[in-house]
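Heads up, the chain below is alone and in the form predicted on its own; it's given as structure tokens.
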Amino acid sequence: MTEVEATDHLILEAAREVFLKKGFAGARMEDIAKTAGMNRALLHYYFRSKRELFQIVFDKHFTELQSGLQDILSSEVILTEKIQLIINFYLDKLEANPDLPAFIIQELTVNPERLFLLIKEKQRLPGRTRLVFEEQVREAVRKGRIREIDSRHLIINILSLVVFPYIGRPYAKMFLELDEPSYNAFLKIRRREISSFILKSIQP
């Protein structure tokens, strides 16, 4: 890795940390420069604006989530295994980046057109891979392996159960009267609970 590449990486890691914590509106270039251990002038030499940095960080995280989900949905594994893969993929990402859901939702709310441009640029159209999952669910229903359920409800049920404890983290901690370590332990147990709940909910 060259010195320029190393500096780019350092800045982007600092930007990721600041944006995940503060979002676009709350972050400042000074915050990113300080986190990266450099002055603002050097930061501006590498990246011209906060928006440019934000888009790089957002694109990376969103593309990873989008691509990962679509790869699993279009895979050849059996439905029950696919459900568990989806749950584990998202929980692994969220455990490593607990502020990620709020970060992405904020950007989608403020700048939704960016989402459609990004998907188009990456040529990762959701409909194509979703159809594979939809047909797999219909086949499982026809063969009596699962109860009748709309695949769209199934995937949203999975994502909702996985993502809400991270989006609603402050409220959930208060409601459950848990401190940060206890809540993290609760989330690890919840990984098993989500898989069990979803699989039992579709039993015939």
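A quick note: this is a predicted structure, and the numbers were derived from the prediction, not measured. A residue's number is simply how far along the shown sequence it sits, counting from 1.
Heads up, the form predicted in complex with another copy of the chain isn't pictured, but that's what we're talking about next.
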| property | result |
| --- | --- |
| Complete contact of 73, 106 and 161 with another copy of the chain in the model of the complex (any heavy atom, 4.5 Å) | yes |
| 4.5 angstroms heavy atom contact with another copy of the chain in the model of the complex for residue 171 | yes |
| Contact test in the model of the complex: residue 36 vs another copy of the chain, heavy atoms, 4.5 Å | no |
| Residue 13, heavy atom within 4.5 angstroms of another copy of the chain in the model of the complex | no |
| Partner contact for residue 96 in the model of the complex: another copy of the chain, 4.5 angstroms, heavy atom | no |
| Another copy of the chain: the contacting residue among 167, 29, 141, 56 in the model of the complex [heavy atom, 4.5 Å] | 167 |
